[in-house]
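Quick heads-up: it's one chain on its own, the form predicted on its own, in structure tokens.
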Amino acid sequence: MRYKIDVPATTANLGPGFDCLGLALDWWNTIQVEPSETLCVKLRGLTENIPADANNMTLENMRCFFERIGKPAPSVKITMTNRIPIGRGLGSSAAALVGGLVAGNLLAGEPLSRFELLELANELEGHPDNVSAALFGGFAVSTFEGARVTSASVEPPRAWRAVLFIHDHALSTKYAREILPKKIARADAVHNIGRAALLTFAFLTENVELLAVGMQDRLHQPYREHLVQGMPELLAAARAAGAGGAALSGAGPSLLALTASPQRAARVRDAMRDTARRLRVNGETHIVKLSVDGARVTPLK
């Protein structure tokens, strides 16, 4: 049996929701997979630094799935169309992880549920924010105790848009995590708890006015700001142009602004683009819909 698997880009943290909040975007990587007598990997789209052999991250995670269920991984023919920029804080590694696990599950006859796949993904990734949104779609709230993950996803407002400024260079998520402090002040913890709750309420009630406060953060953005050229100016420009809220996307370096409508998103995009030109910051600006769906599976004949 052949399958097509579409996995969305995701943005995580969303300001205060460090390792807990994720949001699926209408921007997709596609995997076509089927059993084969010999391994065959074809790459399309963004292919730089992606191995076209057994070291491919999607295949590695597919093998992890079969190790978990105690069966040998089959040889496969796999075609990957990569559209999500790599190393930009938009969930490219989560898409590869989820794509590999979903592909393995399909080829094995689906012995695991989506929630069991989430627990395995969290175990492999170390945090559930991106993978929850990639699996289930929407605005995902996740937490875990050991390998046990509790996750809930709500449909994002259909009129809202994400405006992304994507720097022309990658940033190592591992390094971006290593620079964070080991301990935080109680006041900073309270600051983020309240804002993460407010941000969740904003999505539930479609109240864009709550995003301005709800996307503020003290746990990771202040420590990562020096890694992202033009970050304070670009975020300020987005807010001034009408974004409900703006923040670092994941570990960066991409920046995210959320708006209430496509029209306002266009103004925010132009403001971020103009600010980047003035600062001589190289990158691209995109307007992206929010996705209700997570990983989608289509059987192929």
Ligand code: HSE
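Throughout, we count residues from 1 along the sequence that is shown. Everything numeric in this text was worked out from a predicted model, so none of it was measured.
Just so it is clear, the following notes concern the form predicted in complex with the named molecule, a form of the same protein that is not shown.
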Exercise. With heavy atoms only and a cut-off of 4.5 Å, decide whether N130 touches the named molecule in the predicted bound form.
Key: yes
Self-check item: T173, heavy atom within 4.5 angstroms of the named molecule in the predicted bound form
Solution: yes
Practice problem: Evaluate G245 for contact with the named molecule in the predicted bound form, applying a 4.5 angstroms cut-off between non-hydrogen atoms, and reply yes or no. | Solution: no
Exercise. Would you please decide whether P253 lies within 4.5 angstroms of the named molecule in the predicted bound form, comparing each non-hydrogen atom pair?
Key: no
Quiz prompt | One residue of K71, R177, R114, H191 in contact with the named molecule, assessed in the predicted bound form (non-hydrogen atom, 4.5 angstroms) | solution = R177
Quiz prompt | Partner-contacting position among H167, R195, R218, R224 - heavy atom within 4.5 Å of the named molecule in the predicted bound form | solution = R224
Exercise. Given that the partner is absent here, state which listed stretch (145-153, 97-105, 121-129, 158-166) has heavy atoms within 4.5 Å of the named molecule in the predicted bound form.
Key: 121-129
Practice problem: Heavy atoms within 4.5 Å of the named molecule in the predicted bound form is the criterion; list the residues of 2-22 that meet it. | Solution: A12, N13, F18, D19
